[in-house]
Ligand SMILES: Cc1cc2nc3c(=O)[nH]c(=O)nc-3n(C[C@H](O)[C@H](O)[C@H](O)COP(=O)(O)O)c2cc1C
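Take a look at this one chain, the form predicted on its own, written out in C-alpha coordinates.
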(Lines give C-alpha, C1' and ligand atoms only; values in the text may rest on other atoms or scores of the structure.)
Protein backbone atom coordinates (compact mmCIF):
# COMPACT_ATOMS: atom_id res chain seq x y z
CA UNK A 1 0.00 0.00 0.00
CA UNK A 2 1.58 3.25 -1.16
CA UNK A 3 1.08 6.70 0.35
CA UNK A 4 -1.56 8.64 -1.65
CA UNK A 5 -0.24 11.54 -3.68
CA UNK A 6 -3.33 13.10 -5.27
CA UNK A 7 -3.03 16.76 -6.18
CA UNK A 8 -5.03 18.94 -3.80
CA UNK A 9 -6.27 20.94 -6.79
CA UNK A 10 -7.79 17.78 -8.28
CA UNK A 11 -9.63 16.99 -5.05
CA UNK A 12 -11.04 20.52 -4.69
CA UNK A 13 -12.03 20.43 -8.36
CA UNK A 14 -14.02 17.24 -7.69
CA UNK A 15 -15.84 18.94 -4.81
CA UNK A 16 -16.59 21.93 -7.06
CA UNK A 17 -17.78 19.57 -9.82
CA UNK A 18 -20.11 17.60 -7.54
CA UNK A 19 -23.67 18.85 -7.26
CA UNK A 20 -27.03 17.28 -6.45
CA UNK A 21 -27.92 16.21 -9.97
CA UNK A 22 -31.68 16.47 -10.45
CA UNK A 23 -31.79 14.80 -13.88
CA UNK A 24 -29.28 12.45 -15.46
CA UNK A 25 -28.54 11.63 -19.09
CA UNK A 26 -30.47 8.39 -19.43
CA UNK A 27 -28.41 7.40 -22.48
CA UNK A 28 -25.20 7.13 -20.46
CA UNK A 29 -24.32 4.18 -18.22
CA UNK A 30 -21.64 3.93 -15.56
CA UNK A 31 -19.24 1.08 -16.31
CA UNK A 32 -19.17 -1.95 -14.00
CA UNK A 33 -15.58 -1.08 -13.11
CA UNK A 34 -16.48 2.46 -12.03
CA UNK A 35 -19.55 1.39 -10.05
CA UNK A 36 -17.57 -1.29 -8.26
CA UNK A 37 -14.98 1.38 -7.44
CA UNK A 38 -17.67 3.64 -5.93
CA UNK A 39 -19.10 0.77 -3.87
CA UNK A 40 -15.63 -0.23 -2.70
CA UNK A 41 -15.16 3.23 -1.21
CA UNK A 42 -18.31 2.56 0.84
CA UNK A 43 -16.88 -0.81 1.81
CA UNK A 44 -13.66 0.82 3.00
CA UNK A 45 -15.38 3.67 4.86
CA UNK A 46 -14.78 4.15 8.59
CA UNK A 47 -17.47 3.55 11.20
CA UNK A 48 -17.68 3.91 14.96
CA UNK A 49 -15.84 0.99 16.58
CA UNK A 50 -15.39 -0.35 13.02
CA UNK A 51 -18.71 -2.22 13.23
CA UNK A 52 -20.00 -1.32 9.72
CA UNK A 53 -23.72 -0.99 10.57
CA UNK A 54 -24.86 -0.77 6.95
CA UNK A 55 -26.04 -2.52 3.82
CA UNK A 56 -26.44 -1.16 0.28
CA UNK A 57 -28.98 -2.30 -2.31
CA UNK A 58 -28.25 -1.39 -5.92
CA UNK A 59 -31.63 -1.20 -7.68
CA UNK A 60 -31.23 -1.74 -11.42
CA UNK A 61 -34.49 -3.57 -12.11
CA UNK A 62 -36.92 -1.17 -13.83
CA UNK A 63 -40.00 -2.70 -12.20
CA UNK A 64 -38.52 -2.32 -8.73
CA UNK A 65 -37.61 1.29 -9.46
CA UNK A 66 -41.24 1.94 -10.41
CA UNK A 67 -42.36 0.56 -7.04
CA UNK A 68 -40.15 3.06 -5.23
CA UNK A 69 -41.69 6.13 -6.89
CA UNK A 70 -44.94 6.32 -4.86
CA UNK A 71 -43.07 6.25 -1.53
CA UNK A 72 -40.21 8.57 -2.51
CA UNK A 73 -41.38 12.00 -3.66
CA UNK A 74 -37.80 13.17 -4.18
CA UNK A 75 -36.77 10.28 -6.42
CA UNK A 76 -38.96 9.78 -9.55
CA UNK A 77 -36.87 11.73 -12.07
CA UNK A 78 -33.67 10.18 -10.71
CA UNK A 79 -35.21 6.70 -10.83
CA UNK A 80 -36.06 7.26 -14.51
CA UNK A 81 -32.70 8.67 -15.58
CA UNK A 82 -29.92 7.53 -13.22
CA UNK A 83 -27.53 4.84 -14.35
CA UNK A 84 -27.42 3.31 -10.86
CA UNK A 85 -29.72 3.79 -7.87
CA UNK A 86 -28.64 2.77 -4.37
CA UNK A 87 -30.61 2.33 -1.14
CA UNK A 88 -28.58 2.96 2.01
CA UNK A 89 -29.76 0.76 4.87
CA UNK A 90 -28.67 1.11 8.49
CA UNK A 91 -28.85 -1.48 11.22
CA UNK A 92 -31.48 -1.25 13.93
CA UNK A 93 -31.19 -2.04 17.63
CA UNK A 94 -31.28 -5.88 17.39
CA UNK A 95 -28.12 -5.70 15.25
CA UNK A 96 -26.07 -2.99 16.96
CA UNK A 97 -26.89 -3.29 20.67
CA UNK A 98 -23.69 -3.98 22.57
CA UNK A 99 -24.51 -7.64 23.27
CA UNK A 100 -26.06 -8.54 19.89
CA UNK A 101 -25.03 -11.61 17.91
CA UNK A 102 -23.90 -9.35 15.05
CA UNK A 103 -21.53 -7.32 17.22
CA UNK A 104 -20.06 -10.45 18.75
CA UNK A 105 -19.59 -11.95 15.29
CA UNK A 106 -17.88 -8.79 14.04
CA UNK A 107 -15.37 -8.95 16.87
CA UNK A 108 -14.82 -12.71 16.75
CA UNK A 109 -15.20 -13.69 13.10
CA UNK A 110 -14.46 -10.54 11.07
CA UNK A 111 -11.86 -8.78 13.20
CA UNK A 112 -10.68 -12.07 14.72
CA UNK A 113 -9.87 -10.50 18.04
CA UNK A 114 -8.69 -12.67 20.93
CA UNK A 115 -11.07 -13.28 23.82
CA UNK A 116 -9.48 -10.67 26.08
CA UNK A 117 -9.79 -7.96 23.39
CA UNK A 118 -13.43 -8.88 22.81
CA UNK A 119 -14.10 -8.62 26.53
CA UNK A 120 -12.43 -5.20 26.69
CA UNK A 121 -14.23 -3.81 23.62
CA UNK A 122 -17.57 -5.18 24.79
CA UNK A 123 -17.12 -3.21 28.00
CA UNK A 124 -16.13 -0.03 26.13
CA UNK A 125 -19.00 -0.41 23.65
CA UNK A 126 -21.57 -1.01 26.39
CA UNK A 127 -20.40 2.08 28.30
CA UNK A 128 -20.47 4.08 25.06
CA UNK A 129 -24.09 3.13 24.45
CA UNK A 130 -25.38 3.30 28.01
CA UNK A 131 -23.39 6.21 29.44
CA UNK A 132 -21.43 8.25 26.90
CA UNK A 133 -24.15 8.69 24.26
CA UNK A 134 -27.22 7.47 26.15
CA UNK A 135 -28.35 5.26 23.27
CA UNK A 136 -31.21 3.84 25.31
CA UNK A 137 -33.98 3.56 22.69
CA UNK A 138 -34.35 1.74 19.40
CA UNK A 139 -34.65 5.06 17.55
CA UNK A 140 -31.46 6.43 19.08
CA UNK A 141 -29.57 3.30 18.06
CA UNK A 142 -30.91 3.50 14.50
CA UNK A 143 -30.01 7.20 14.28
CA UNK A 144 -26.50 6.34 15.49
CA UNK A 145 -26.21 3.67 12.79
CA UNK A 146 -27.44 6.16 10.20
CA UNK A 147 -24.68 8.59 11.15
CA UNK A 148 -22.15 5.89 10.30
CA UNK A 149 -23.88 5.03 7.02
CA UNK A 150 -23.78 8.69 5.99
CA UNK A 151 -19.98 8.54 6.16
CA UNK A 152 -20.11 5.88 3.45
CA UNK A 153 -22.57 8.01 1.47
CA UNK A 154 -20.21 10.99 1.51
CA UNK A 155 -17.30 8.83 0.43
CA UNK A 156 -19.28 7.31 -2.45
CA UNK A 157 -20.32 10.72 -3.76
CA UNK A 158 -16.79 12.11 -3.47
CA UNK A 159 -15.18 9.12 -5.14
CA UNK A 160 -17.75 9.36 -7.94
CA UNK A 161 -16.95 13.04 -8.46
CA UNK A 162 -13.23 12.27 -8.57
CA UNK A 163 -13.80 10.14 -11.68
CA UNK A 164 -16.33 12.49 -13.28
CA UNK A 165 -19.52 10.72 -12.19
CA UNK A 166 -22.51 12.65 -10.87
CA UNK A 167 -24.71 11.83 -7.91
CA UNK A 168 -27.72 12.97 -5.92
CA UNK A 169 -28.44 12.03 -2.30
CA UNK A 170 -32.15 11.65 -1.53
CA UNK A 171 -34.04 11.90 1.76
CA UNK A 172 -37.34 12.74 0.07
CA UNK A 173 -39.21 9.57 0.99
CA UNK A 174 -41.86 8.39 3.46
CA UNK A 175 -39.85 6.21 5.81
CA UNK A 176 -42.62 3.95 7.09
CA UNK A 177 -44.07 3.31 3.62
CA UNK A 178 -40.61 2.85 2.11
CA UNK A 179 -39.67 0.26 4.73
CA UNK A 180 -42.95 -1.59 4.15
CA UNK A 181 -42.02 -1.76 0.46
CA UNK A 182 -38.53 -3.00 1.30
CA UNK A 183 -40.03 -5.71 3.47
CA UNK A 184 -42.66 -6.82 0.97
CA UNK A 185 -40.84 -6.50 -2.37
CA UNK A 186 -37.09 -6.37 -1.64
CA UNK A 187 -36.84 -9.10 0.99
CA UNK A 188 -35.37 -6.78 3.63
CA UNK A 189 -35.79 -7.76 7.29
CA UNK A 190 -37.00 -4.40 8.57
CA UNK A 191 -36.69 -5.54 12.16
CA UNK A 192 -32.95 -5.47 11.53
CA UNK A 193 -32.52 -2.74 8.89
CA UNK A 194 -34.06 0.66 8.19
CA UNK A 195 -33.76 2.99 5.21
CA UNK A 196 -31.48 5.96 5.85
CA UNK A 197 -31.13 7.42 2.36
CA UNK A 198 -31.30 6.83 -1.36
CA UNK A 199 -28.59 7.96 -3.77
CA UNK A 200 -28.55 8.13 -7.56
CA UNK A 201 -25.45 7.92 -9.74
CA UNK A 202 -25.00 8.74 -13.41
CA UNK A 203 -24.00 11.53 -15.75
CA UNK A 204 -25.66 14.97 -15.67
CA UNK A 205 -28.02 15.90 -18.47
CA UNK A 206 -26.99 19.55 -18.17
CA UNK A 207 -24.65 21.66 -16.09
CA UNK A 208 -26.19 23.32 -13.01
CA UNK A 209 -27.83 26.65 -13.74
CA UNK A 210 -26.27 28.39 -10.75
CA UNK A 211 -22.74 28.29 -9.33
CA UNK A 212 -22.15 26.52 -6.03
CA UNK A 213 -22.94 28.81 -3.09
CA UNK A 214 -21.52 28.42 0.40
CA UNK A 215 -21.04 30.59 3.48
CA UNK A 216 -17.58 32.05 3.96
CA UNK A 217 -15.21 29.56 5.49
CA UNK A 218 -14.57 32.02 8.33
CA UNK A 219 -18.22 31.63 9.30
CA UNK A 220 -17.95 27.87 9.77
CA UNK A 221 -14.43 27.38 11.15
CA UNK A 222 -13.01 28.65 14.44
CA UNK A 223 -9.31 28.31 15.23
CA UNK A 224 -8.41 28.35 18.90
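These numbers were taken from a predicted model, which means no experiment stands behind them. Residue numbers count along the first chain shown, from 1.
The discussion below concerns the form predicted in complex with the ligand, not included here.
Look at 52 to 60, 184 to 192, 169 to 177, 38 to 46: in the predicted bound form, residues with non-hydrogen atoms within 4.5 angstroms of the ligand sit in 169 to 177. Residue 150 is the only one of 102, 128, 113, 150 with a heavy atom lying within 4.5 Å of the ligand in the predicted bound form. Residue 215 falls outside the set of residues with a heavy atom inside 4.5 Å of the ligand in the predicted bound form.
Within 4.5 Å of some heavy atom of the ligand in the predicted bound form lies at least one heavy atom of residue 19. The ligand is not shown here, and in the predicted bound form it never comes within 4.5 Å of any heavy atom of residue 154. At a distance threshold of 4.5 angstroms between non-hydrogen atoms, residue 74 is in contact with the ligand in the predicted bound form.
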